[in-house]
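Alright, here's a single protein chain in two forms, structure 1 and structure 2, each given by itself as C-alpha cells.
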Structure 1
C-alpha cells in the first residue's frame, strides 16, 4: 500500500497572536505542524509499521516547511515532497487540492490521509475537494483505519449521532480527527536520522503544471480581513452566605447575561 499524507505549516495558536489594520502581525510569530496533520502522520506511520505501507509526505508552502517535514521524518515517514513556489502565496483550499491532485497522479497512491482541518483557517475542505477532483471515495472525521485486504479498508468516523463504520475500496481519501491517535514524540535517533534525509523540493513547473492550471491566478476564496475578538471582561468573585450568593448569581445570569 502506498500512502500519501498531507502536512500544512500553520501559526502556533498557543501564542498571543496580534491583529493590526486587518492583518496578522508577523513579528514574533512561530510556525508549527498543523495538529490534525500530525494525527495524519501518526496514522500513516502506524500503517507502515503494522502493514508494511510505503509512506510519502507532501507539504506546500515556503522554505521553512523544511522543519516540519523533518519532524515527520523523525516520526517515521519515509519520503517527503515540498512544493515551494512564490505563486502560491494566496492559495486557497481549491488550489491546494489541485496541486495534491497532480502529486497523486504522478505517484499512483492507494490511500491519501489528510488532517480533518487546519488550525489556522479551520475550513476542513482540502481533502474532500481533492477526492472530488480525483473521483475517489472519501470519508471525513475518521477515528480509526483498519486494513481488510490489499483493495479494501474499514474506517470508523464520528458522525452526527454516533460512530459510523464505512468500508472503502481503494484508492480512497480519508480525513482524520484528532481522536484517531496520540501522535508520538520523535526520539533522538529519529531526529538525527531525519537531518540526513533528502526532501524532494519542487515548484509548479517541476510538478508539470502552472499557476493558471491549479487556479492560483483566480482563487475561489480569499481572506479579506482578520478581526481580533473582543477582550473578555473580568469575572466577579462572590463571598458570603451560599443562599445569598446563589440568588445573586441567578439574578445576574437572568438579567445581565440573559442566559435564561
Structure 2
C-alpha cells in the first residue's frame, strides 16, 4: 500500500497573534507542523509499521519547510516532496487540491491521508476537494482506520448523530481528526537519521504544471484583510471563602446577568 500524507507549515497558534492595518504582525511569530497533519503522519507511520505501507509526504508552500519535513521523517515517514513556487502566494484550497492532484497522478497512491484542517486557515476543504477532483471516495473527520484487505479500508468518523462506520474502496482520501491518535515524539535515533535523508524540492514547472493550470492566477476567493476579533474580557473573579463566593456568584447570575 502506498500512502501520500500532506503536511503544511502553519503559524504556531499557541503564540499571541496581533493584527495591524489589516494584516497579521509577523514579528514574534513561529511556524510549526499543522497539528492535524501530525495526526496524519502518525496514522501513516502506524500503517507502515503494522501493514508494511510505503509512506511519502507532500508539503506545499511555506518557504523553507526543511524543519517540519525532517520532523515527519523522524516520526517515520520515508520519502518527502516539497513544492514551493512564488505563484502560490494567493493560493486557496482549490489551488492546493489541484497541485496535490498532480502529485497524486505521478505517484499512483492507494491512500491519501490529510489533516482535517490547517490551523492557519481552519478551512477544512483541501482533502475533500482533492477527492472530488480525483473522483475518489472520501471520508473526513476520521478517528480510526482499519485495513480490511488490499482493496478496502474501514474507517470511523465523528458525524452528526454518532460515530459513522464506512467501508472505502481504495484508492481513497481520508482526513483525520486529532482524536485518531496521539502523535509520537521523535526519538534521537530518528532525528539523526532524518538529517541524512533528502527532500525532493520542486516548483510548479518541475512538477509539470503552471500557475494557470492549477488555478493560481484566478483563486476562487481571497483574503482582503485580517481583523482583530472582539476580545472577551475577563470579568469578576472571586477568591476566598468558597461558600460565600459561590453564593455571591449565583446571586449575580440571577440578578445581574439574569440567566436564571
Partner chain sequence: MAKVLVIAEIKQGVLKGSTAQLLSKAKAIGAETAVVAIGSNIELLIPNLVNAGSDTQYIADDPGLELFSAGPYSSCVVDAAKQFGADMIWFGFSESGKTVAPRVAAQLSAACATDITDVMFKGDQIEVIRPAIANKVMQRVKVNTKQLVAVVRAGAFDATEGISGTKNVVKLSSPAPDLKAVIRQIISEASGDIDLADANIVISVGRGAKDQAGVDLVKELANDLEAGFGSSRAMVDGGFMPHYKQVGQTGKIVAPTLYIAIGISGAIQHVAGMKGSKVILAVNKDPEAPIFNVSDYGIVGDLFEVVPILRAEIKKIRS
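The model shown is predicted, which means the values in this text are computed figures rather than measured ones. Residue numbers count along the first chain shown, from 1. Take the two forms, find the largest set of C-alpha atoms that superpose within 1.5 Å, and that set is the rigid core.
- The second of the two structures is the form predicted together with the partner chain.
- Shown in the overlay between structures 1 and 2, fitted on the rigid core, is a CA shift at residue 230 of 2 Å or greater.
- Relative to the superposed core, residue 22 shifts its CA atom by less than 2 Å between structures 1 and 2.
- For residue 250, the Cα coordinates differ by 2 angstroms or more between structures 1 and 2 after the core has been superposed.
- Once the two forms are overlaid on the core, residue 241 shows a Cα shift of 8.9 Å between structures 1 and 2.
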